[in-house]
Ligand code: NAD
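The chain below stands alone, shown as structure tokens; this is the form predicted on its own.
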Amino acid sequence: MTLIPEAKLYIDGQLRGASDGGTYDVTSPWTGETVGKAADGTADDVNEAIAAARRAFDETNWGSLENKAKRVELVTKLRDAFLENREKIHDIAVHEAGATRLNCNLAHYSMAMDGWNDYLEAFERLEWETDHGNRFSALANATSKRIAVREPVGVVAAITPWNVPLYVNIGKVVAALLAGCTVILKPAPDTPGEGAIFGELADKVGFPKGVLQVVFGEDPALAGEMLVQDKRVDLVSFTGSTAVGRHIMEQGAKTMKRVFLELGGKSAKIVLDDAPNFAMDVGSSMLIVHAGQGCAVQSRLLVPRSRYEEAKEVIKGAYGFVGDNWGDIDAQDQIMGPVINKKQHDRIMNYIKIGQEEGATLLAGGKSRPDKGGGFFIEPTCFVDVTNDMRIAQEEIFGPVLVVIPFDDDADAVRIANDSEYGLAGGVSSADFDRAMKVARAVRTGSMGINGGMAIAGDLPFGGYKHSGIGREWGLEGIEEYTEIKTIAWPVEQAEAAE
């Protein structure tokens, strides 16, 4: 049953199907059935997209400083088109990504559009030229006036995941376009429609040919491999697994490509013994938002050993309160639906099995729920009696699986939080702000919230330490990622004459 529009490619200003006419089925995570069709892009399509983006950058004034106002105008028109198509985009998020209706009003649409507005505001603060003053050089035996100018990096390949596609697509595409780059957006095979909408609406508002392309296909690797290896692409911006990120770094090195990576996480939420709302902090840690399919989710809950038994009871009660109130596609108040596909479902279920084999105690959930529908449903799940060396505490599960780990004191909590190859996000709760700040500063991670503070927003730089990535997305820093810095110097005498 077709519930969403056919996803078409957008190449060199043209909305079209694949060059060989091929299509593939888009599967609903809710039902396991086909809900739409998508163009199955070929190698020829990807090559044409790269060539078009290269021409648009090299042969037009899209990226020039003089064209800045025009870029802002078009990016603003594109935002307005996304606002006008709110319901259509909601439907795509529900049927492609398995979002609940409530989640569409959060990260799957509303927060994404807020981030778009944040980019437009931040762009006005971008300094395109910085005066570095005069300096005498003995080598030149002269004093030079020096400036540094920002320029767009060039052709950008934006390779995006299936979990919150619109949010990530906006994070990359809007920043790169404002910076003056031309862009090739390659969404995940599971969620082509949330990429195709960029081409459809860019065409509607009159984007110049070649500035934005959208390519995708059933093969998860074909287009991505081509984009990463092609010397005509200057920068690859990728969000996804750490394993794929490593591969992109290796392949991109062959052409000395700039690589910007937002990768996995195993973030820790630390609830200290003096937390002012201990029960609320612990109970609200359930990993149920979008079935835990988020890189920055706090999937390790660290609680003091002195209050560990109390924490277990609180968590058990919280999961009991949620009960079976999840997994209904028609509900307006549910935060959790299915996981994306059968492969991910089976992967998560295998981790639940591993956790039991490792000796952790299954406090809640742990079962697949085919009774919820023909899609890919797993109960909200929680393990206690977990040690940080277990695989379920070290590896990113990317599903509704929370692990609860005891700690002895603040130093032990920091040690456990940092005992991970990841460092993307985290949180800490304490009645003593200075104590919480000390812990927040000690945890090696890209963002930390204190007492529920939200450290992830469209006006803030987002990214990770260690294996969680390279670079920052969102905020002013997110736009700067897509620029190069050039220094220019000339003799002071010429500068004075020019004045």
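Predicted model, so just to flag it, every value in this text is computed and none were measured. Start at 1 and count along the sequence shown; that's the residue number.
This next part talks about the form predicted in complex with this ligand, which is not shown.
Trainee: Spot the stretch among 380-388, 331-339, 412-420, 156-164 with residues whose non-hydrogen atoms come within 4.5 Å of this ligand in the model of the complex.
Mentor: Every other range fails; the passing one is 156-164.
Trainee: According to a 4.5 angstroms non-hydrogen atom cut-off, is residue 221 in contact with this ligand in the model of the complex?
Mentor: Result yes; residue 221 sits at the interface with this ligand in the model of the complex.
Trainee: So, in the model of the complex, is residue 189 in contact with this ligand at a 4.5 angstroms heavy atom limit?
Mentor: Yes.
Trainee: Are any of the heavy atoms in residue 240 no more than 4.5 Å from a heavy atom of this ligand in the model of the complex?
Mentor: Within the cut-off, so yes.
Trainee: May I ask you to state whether residue 86 is within 4.5 Å of this ligand in the model of the complex, using heavy atom distances?
Mentor: The answer is no: residue 86 has no heavy atom within 4.5 Å of this ligand.
Trainee: Taking this ligand in the model of the complex, would 183, 260 and 459 all count as contacting it (heavy atom within 4.5 Å)?
Mentor: No: no residue has a heavy atom within 4.5 Å of the partner.
Trainee: Tell me, out of 282, 428, 112, 248, which residue has a non-hydrogen atom within 4.5 angstroms of this ligand in the model of the complex.
Mentor: When this ligand is considered in the model of the complex, the option within 4.5 Å is 248.
Trainee: Which residue, 264, 327, 406, 252, has a heavy atom that falls within 4.5 Å of this ligand in the model of the complex?
Mentor: Flagged contact: 264.
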